[in-house]
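Given as structure tokens, the chain that follows is alone and in the form predicted on its own.
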Amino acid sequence: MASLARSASQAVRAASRRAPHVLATVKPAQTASFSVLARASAVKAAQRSTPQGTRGVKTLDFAGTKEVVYERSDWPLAKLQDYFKNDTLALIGYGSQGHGQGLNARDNGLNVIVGVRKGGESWKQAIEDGWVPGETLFPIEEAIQKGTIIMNLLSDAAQSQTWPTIAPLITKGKTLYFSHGFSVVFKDDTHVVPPSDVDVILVAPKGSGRTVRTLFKEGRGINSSIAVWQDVSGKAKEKAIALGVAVGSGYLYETTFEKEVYSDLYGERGVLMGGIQGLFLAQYQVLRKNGHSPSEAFNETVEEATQSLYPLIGEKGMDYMFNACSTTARRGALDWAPIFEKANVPIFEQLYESVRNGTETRKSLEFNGRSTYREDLNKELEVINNQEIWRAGKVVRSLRPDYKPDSE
């Protein structure tokens, strides 16, 4: 699993380097490594990515509950660039979110600089993506001093570890930006307490940084949540919405720092990652114990789900997917869904409480703060990588018509 993740990350980063980066007017230092043809193609992409006509703020009915949604059509490029014309976005950290959000904001024509440890792996990766040392790439402390909007996109553990150094540099008038409520909400554990004289805002894309980048380049845009922890200027919310558009959001909805971090930690441990891995493995194991081959067990557990049914749910909804199935499948699914719900509600209640009371936070900080973090993580990921279900899956994927040998 670790090797697969690294390969995927390298592939996406390589694709990003090949893709045009400049979607609007940017400084020469940022465009030096890109061809005229690439820049022209990028401008066309920018025009496609900005919908014509202003719909702006909408109040929508979500299953009986009215919610306000903010759309990027209310922030065309000219307005976005003018709004941030006096700002420097100092992006601290260049992991998944840093990469996606930074490149998107740069492509939208904003003044963006990156702050990471000089000479480290992130420093090298930033250079590969066109950031220039001394011009748009700096050590963390220098980037914060130069920035007016400090986008703290370090990992949760790193935010806690670096806060004593970073905090004194976030001076009055600056804006402190997060993409996760973790550090601020669980301040008793992280010790991250923002200064009282700065705006503190959140833009949380609902997907990985790689997805943030991919959807932006496709002209679509990811959905994101926004929140305000502290409004000193009186414009914190407006700033959050504009930054959300700047980093590649298609639409944004309001939440709070607390709700964002609770739902995020809960979701990724539940049906997004932890729960789905457990369900996949449980179903696969029972099929194998009853004499089914690895290929059949994988196809009936994972392949049909990810290649046929889940995309259908994403496009049309669960009700549509049920209607699209055979009558036999539909009857069985309807009968068993309440049984699975009843069995799992207590587990999800236990999980939510573990998130809310900080247990999950303390576990994460302890593990991710270890000096042996990477080695310990790779051992756990290798266990998943070596499970029969995923070894069988590699062979099944190789049979797909669109399979590319270097994608594994």
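Start at 1 with the first residue shown and count on from there. A quick note: this is a predicted structure, and the numbers were derived from the prediction, not measured.
Beyond the structure shown, there is the form predicted in complex with a small molecule, which is absent from this document and is the topic of what follows.
K.L.:
Identify which of I170, I140, A240, V200 has a heavy atom within 4.5 Å of the small molecule in the predicted bound form; exactly one of them does.
P.N.:
Going through each option in turn, the one that passes is I140.
K.L.:
Just one of K363, K58, K66, R374 has a heavy atom within 4.5 Å of the small molecule in the predicted bound form. Which one?
P.N.:
Of K363, K58, K66, R374, the residue with a heavy atom within 4.5 Å of the small molecule in the predicted bound form is R374.
K.L.:
Going by heavy atoms within 4.5 Å, which of 308-316, 78-86, 120-128, 142-150 lines up against the small molecule in the predicted bound form?
P.N.:
Only one stretch qualifies here: 120-128.
K.L.:
With the distance limit set at 4.5 angstroms and only heavy atoms considered, check whether G95, V116 and S155 all reach the small molecule in the predicted bound form.
P.N.:
Yes, because G95, V116 and S155 each have a heavy atom that approaches the small molecule to within 4.5 Å in the predicted bound form.
K.L.:
Using the partner position in the predicted bound form, report whether K174 sits within 4.5 Å of the small molecule, counting heavy atoms only.
P.N.:
So K174 does not count as contacting the small molecule.
K.L.:
Give a yes/no on whether T162 approaches the small molecule to within 4.5 Å in the predicted bound form, heavy atoms considered.
P.N.:
T162: contacts the small molecule in the predicted bound form.
K.L.:
Check whether T255 has any heavy atom within 4.5 Å of a heavy atom of the small molecule in the predicted bound form, and answer yes or no.
P.N.:
Contact with the small molecule, no.
K.L.:
Closest heavy atom of R72 to the small molecule in the predicted bound form, within 4.5 Å or not?
P.N.:
No - in the predicted bound form, heavy atoms of R72 and the small molecule never come within 4.5 Å of each other.
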